[in-house]
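The data below hold one chain only, encoded as structure tokens and taken in the form predicted on its own.
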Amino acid sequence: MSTEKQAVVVNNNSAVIVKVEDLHKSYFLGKTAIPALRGIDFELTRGEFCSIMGPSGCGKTTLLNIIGGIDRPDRGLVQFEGVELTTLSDNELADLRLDKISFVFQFYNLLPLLSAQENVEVPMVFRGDSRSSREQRANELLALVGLKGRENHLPTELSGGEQQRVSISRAMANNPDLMICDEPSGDLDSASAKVILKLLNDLNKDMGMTILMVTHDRRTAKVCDRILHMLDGKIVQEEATPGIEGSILDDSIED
């Protein structure tokens, strides 16, 4: 029997990168089912910067986890680049996350004993890249996010905003097709939050990175091209936004 890993074949040319239909998910508290998602329908277009906005407990993170292959729905369709995620094994989902989907978390999730450069290298280590190529790529990404000269600092030697920039660099390491951000500025002061959101906006507008971001804050959400409003496990409203007008990046608005 062959043990060679079989690659998941995706459609990189489709304009729609994520398609979700009638998505349901419940969690159990004892024997009681607690609905988290109650029939979600939406599509994400390649190159889009889209925000999912809603109060705590409305199902935002659950939706992200299912799209990113971390969790599985109870029923419904979730496709990434034409591949139905519910048909994939756990190993295939892990490979998809390594090669195609990256995550930026609210609390950074950096490895505390590794330097900034080494943290950025982690996805490339799992991919099997050579040491020299990993180091070069990590240094390029850290320079891109304004951390040149900070490569050898541990997370505890960096500010919250700097740690999140390392996290974003790590998320870019394997050239993913989709970056999923769960409250990426939620743990930061307003000045650091602006830096992070400006960086994400630049990655989207200048490099074409497709970004799906969760937030509970309207001024943060308005950085994006489109806002999906969630409430009680459903998308209840879709809103197009006029660029950064009215957002945290709008210099005409005082903090």
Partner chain sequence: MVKFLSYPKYALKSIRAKKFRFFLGVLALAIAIGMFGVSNVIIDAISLSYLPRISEQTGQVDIRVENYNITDIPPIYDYESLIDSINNLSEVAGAAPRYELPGARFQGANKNFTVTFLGIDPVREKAIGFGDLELSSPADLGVLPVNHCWVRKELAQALELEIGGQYIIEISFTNINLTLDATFVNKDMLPSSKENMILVNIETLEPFIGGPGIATEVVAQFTNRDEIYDINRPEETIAQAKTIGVLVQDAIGTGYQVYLPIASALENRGTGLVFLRILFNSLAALSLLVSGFLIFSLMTVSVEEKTREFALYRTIGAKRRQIFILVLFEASFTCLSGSVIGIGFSYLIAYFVKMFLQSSGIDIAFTLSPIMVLYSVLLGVGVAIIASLFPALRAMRKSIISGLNPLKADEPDLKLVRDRGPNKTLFLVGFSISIASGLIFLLIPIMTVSSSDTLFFTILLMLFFGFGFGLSLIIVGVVEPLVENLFLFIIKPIFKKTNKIVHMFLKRNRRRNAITAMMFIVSFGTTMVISTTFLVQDQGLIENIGTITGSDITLFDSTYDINGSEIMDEIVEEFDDVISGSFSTLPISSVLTGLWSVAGDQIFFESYGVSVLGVPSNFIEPLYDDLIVYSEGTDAMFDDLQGNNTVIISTALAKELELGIGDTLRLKLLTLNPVLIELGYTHDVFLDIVGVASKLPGMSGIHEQERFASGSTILIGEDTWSYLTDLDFQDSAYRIFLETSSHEAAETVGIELRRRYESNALFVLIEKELVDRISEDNQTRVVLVNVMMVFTIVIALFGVFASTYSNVAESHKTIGILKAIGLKNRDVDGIFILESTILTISSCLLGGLMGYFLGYYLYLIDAIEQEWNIPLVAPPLISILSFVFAIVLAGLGAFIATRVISRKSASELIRVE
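Numbering follows the first chain given and starts at 1. This one's a predicted model, so the numbers in the text were calculated from it and none came from an experiment.
Missing here is the form predicted in complex with the partner chain; even so, the following discussion is about that form.
Segments offered: 116-124, 158-166, 141-149, 79-87. Contacting the partner chain in the model of the complex at heavy atom distances within 4.5 Å is 116-124. Shown without its partner, this chain lists Leu44, Val195, Ile70, Leu188 as candidates; in the model of the complex, only Ile70 has a non-hydrogen atom within 4.5 angstroms of the partner chain. Using a 4.5 Å cut-off to the partner chain in the model of the complex, not one of Asn175, Leu203 and Ala240 places a heavy atom inside that distance. Using a 4.5 angstroms limit between non-hydrogen atoms, Gln136 is distant from the partner chain in the model of the complex. In the model of the complex, no heavy atom of Arg75 sits within 4.5 Å of the partner chain. Put simply, Glu183 is far from the partner chain in the model of the complex: not one heavy atom of it is within 4.5 Å. In the model of the complex, at least one heavy atom of Asn65 sits within 4.5 Å of a heavy atom of the partner chain. Counting a residue when any of its non-hydrogen atoms is within 4.5 Å of the partner chain in the model of the complex, the hits in 86-113 run Asp90, Asn91, Ala94, Asp95, Arg97, Leu98, Phe103, Phe105, Asn109, Leu111, Pro112, Leu113.
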